[in-house]
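As a starting point, one isolated chain is supplied in structure tokens, in the form predicted alone.
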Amino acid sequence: MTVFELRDALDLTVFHEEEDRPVTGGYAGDLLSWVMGRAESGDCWITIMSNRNVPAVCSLTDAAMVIFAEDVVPDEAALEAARDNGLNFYGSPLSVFELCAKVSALL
């Protein structure tokens, strides 16, 4: 499944969209140092963190996309960094639990 296919299947809000690429796995977490050490390239990362460090972790892990759960909106610094670095940022009203279940079923 690709980023854009997952976006459509989950009816995600687009905060910034850059590149359609394969989504090969998933990771859910909010402790950024933990995510850096465990998320893998191609993952769909689900989080409620919304600050300027999220794009840095997304870039370091080479996550295919970030989904901000529970109606979280990334702050302006995070959005600017997403635009500058070509990152896919999306939002959903669903809980982290619900998103994980849906992403897992789709992948």
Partner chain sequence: MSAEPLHVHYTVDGGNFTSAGEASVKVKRLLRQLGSSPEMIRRVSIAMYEGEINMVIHANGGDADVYVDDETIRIVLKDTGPGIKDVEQAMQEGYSTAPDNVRALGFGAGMGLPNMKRFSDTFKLDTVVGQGTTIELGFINK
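Only a predicted model underlies this, so the values are computations on that prediction, with no experimental measurement involved. Positions refer to the first chain, counted from 1.
The discussion below concerns the form predicted in complex with the partner chain, not included here.
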Triplet Thr2, Arg7 and Val14 all within 4.5 Å of the partner chain in the predicted complex via a heavy atom = no
query = Among Val57, Leu79, Ala28, Ala69, which has any heavy atom within 4.5 Å of the partner chain in the predicted complex?
reply = Val57
query = So, in the predicted complex, is Asn85 in contact with the partner chain at a 4.5 angstroms heavy atom limit?
reply = yes
key: 4.5 angstroms heavy atom contact with the partner chain in the predicted complex for Ala64   = no
Contact flag, Ala39 vs the partner chain in the predicted complex, heavy atom cut 4.5 Å = yes
task = May I ask you to list the residues of 1-24 that have any heavy atom within 4.5 angstroms of the partner chain in the predicted complex, in sequence order?
result = none
